[in-house]
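As a starting point, one isolated chain is supplied in structure tokens, in the form predicted on its own.
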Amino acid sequence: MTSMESGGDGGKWLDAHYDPVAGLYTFSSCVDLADLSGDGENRLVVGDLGTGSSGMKLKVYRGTALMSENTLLDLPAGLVAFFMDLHEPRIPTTAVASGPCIYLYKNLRPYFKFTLPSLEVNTLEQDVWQQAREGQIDPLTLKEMLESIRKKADVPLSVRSLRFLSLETDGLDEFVQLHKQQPIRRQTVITCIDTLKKSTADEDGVSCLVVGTESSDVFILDSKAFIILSKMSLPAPPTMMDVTGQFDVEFRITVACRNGNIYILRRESDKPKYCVELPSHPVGLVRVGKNVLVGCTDESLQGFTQKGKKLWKIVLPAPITTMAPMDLPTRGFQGVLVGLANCEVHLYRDKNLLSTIKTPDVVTSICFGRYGREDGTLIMTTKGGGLMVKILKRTVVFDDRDSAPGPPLAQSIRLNVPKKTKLYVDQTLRERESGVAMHRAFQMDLSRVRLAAAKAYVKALESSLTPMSASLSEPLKMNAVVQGLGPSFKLTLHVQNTAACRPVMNLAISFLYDENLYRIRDPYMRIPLLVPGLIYPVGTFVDCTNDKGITDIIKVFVLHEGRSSPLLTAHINMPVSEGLALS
């Protein structure tokens, strides 16, 4: 898997893989990274939505290849990898929320299925269907009675009754004959899923499952016995959630609901403790440190405290498609990745824009973490079903300054200006009185510095004291490499003809050195014809004849036959020898 530098992100990411026809249609809630084999290599686990009505699958990728896939019976609403026990080897379990069920996979195979408990059924609805079963009422009367119950009853109707009410008149009788003998059940469906550590915050600690349902409830499930440990109610169905803490100690569940509000649930209460009213509906919810970042449909990104206090708000250039946290513990970095509808992914730390990644298609899911054995891996899927993998450079440094256009962040910080001292006042008066003389003296010194630099430059060109030739007819460049610990060193000279199309010939190399310190085996060497653009290595050996640890400079001259002045000169600082050469 080759890596190339990505062009649209300031050189912070490497393009590791891009498959535009991978056929992955998913969201950020259905993507996770986990070590499913216990070999130290994380796999990519994806809940593929398929066409929306068929082709739903649980896919596992290793590197860039599809490792395994399992068919799902319904559309996945969320996917998490967690540890459900303390057995060795430590292999996580994958939980896929689909419809009213949670499907567990262990070792890439189906392991367990948990179904949410059924909801209370409306008694009037049961009586009406009982009358239809006994033939006391016809289908039209049944439809009228169910319509009346739906408008007045506190308990909602079942899915079967709602489907019956949506039918045309000619299909009512067939539907009643098909379903009247079956018992009525009202089943909720899962809308979001997350994990909560049970008693320890260790990375491989046992976790509980936290699920939000269409019936506006949040359940915390025990991962061993799969019983409901806690049930909390919300004013509206949840769509996204973020969980932090431990169940046995203290936890906090931040939930974004379908009514456009954010609710915060605590351990000691089965009702929301705080409520945040948003100006528009949320489309993304991410926790960064102790703050909660929310993306809204009005193209804004907002930051809140754990208690719901608004900290800041920024306006984005396009609608948000997805959001995901970016946590890099090895560097102590936490941020949020925001996918936009204009084919860009922005990286924010608080409200500061640190990086912008341009993508060939609109991004629908983002996942950042350890993939394979690489810690800083960014995995994205696109609207057209493509798969992109990028790797964060190990040498990258994220500046705290905001790269977005506008005034810098430091402009709003007040400077701590010290009080004016007597010395400061005296210096100010002196500068006012003799400002012209000070400026003339500065200009004189500046002119002298420029003149001295120009003279030194001309002298270097005339005497060829530089490692690059100034001759237009014979443009040369040379650098030297010294290898070895001593007393014998290998000296390699790399000579290059920088002309466009003219070769250079009849050249030689000569050395000037202290014969009491060094002995060069080939003090004079001829250079073959130099073809433009090629680098020619010329090597010889230098022996140190002094055992006192004294070093000196060896001068290298490139000469043209028949001329006394060299074309170019190089000064080589020799290293200290570790021993003495044998005579």
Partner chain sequence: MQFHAQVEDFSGASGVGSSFSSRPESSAQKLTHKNTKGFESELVSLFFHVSSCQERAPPFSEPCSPELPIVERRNWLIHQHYIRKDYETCKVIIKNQLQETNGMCEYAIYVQALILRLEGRIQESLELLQSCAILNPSSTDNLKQVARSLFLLGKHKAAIEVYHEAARLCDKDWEISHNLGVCFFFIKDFKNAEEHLNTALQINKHDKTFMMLGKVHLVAGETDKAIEVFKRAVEFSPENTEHLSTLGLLYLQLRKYQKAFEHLGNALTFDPNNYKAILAAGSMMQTHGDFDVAMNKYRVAACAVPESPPLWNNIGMCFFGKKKYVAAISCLKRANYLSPFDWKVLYNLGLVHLTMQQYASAFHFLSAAISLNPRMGELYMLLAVALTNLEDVENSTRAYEQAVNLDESNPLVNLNFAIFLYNHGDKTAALDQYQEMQRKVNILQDSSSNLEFDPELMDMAQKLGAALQVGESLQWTKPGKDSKSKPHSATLAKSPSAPLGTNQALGQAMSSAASYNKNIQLPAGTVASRQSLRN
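We call the rigid core the largest set of C-alpha positions that still match within 1.5 Å between the two forms. Residue numbers count along the first chain shown, from 1. Keep in mind that what you see is a predicted model, and the values were worked out from it rather than measured.
What comes next is about the form predicted in complex with the partner chain, which is not displayed.
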*Hey, in the predicted bound form, does I227 get a heavy atom within 4.5 angstroms of the partner chain?*
yes
*Just to confirm, R160 within 4.5 Å of the partner chain in the predicted bound form by heavy atoms?*
yes
*asked:* Using a 4.5 angstroms cut-off on non-hydrogen atoms, would P487 count as touching the partner chain in the predicted bound form?
replied: no
*Hey, in the predicted bound form, is A480 touching the partner chain, heavy atoms inside 4.5 Å?*
no
*Considering the partner chain in the predicted bound form, find the one stretch among 199 to 207, 134 to 142, 506 to 514, 440 to 448 with heavy atoms no farther than 4.5 Å from it.*
440 to 448
*With the partner chain left out of view, choose which of T356, N122, Q246, T188 has a non-hydrogen atom within 4.5 angstroms of it in the predicted bound form.*
T188
_So, a 4.5 angstroms cut-off on heavy atom distances: do all three of N70, D74 and S166 pass it with respect to the partner chain in the predicted bound form?_
yes
*asked:* Could you pull out the residues of 41 to 63 that have any heavy atom within 4.5 Å of the partner chain in the predicted bound form?
replied: L49, G52, S53
_Given a superposition on the rigid core, I'd like a yes or no on whether V315 shifts its C-alpha by 2 Å or more between the shown form and the other one._
no
_Rigid core superposition, L178 Cα moves 2 angstroms or more between the shown form and the other one_ = yes
*Superposing on the rigid core, does the Cα of R163 end up 2 Å or more away between the shown form and the other one?*
yes
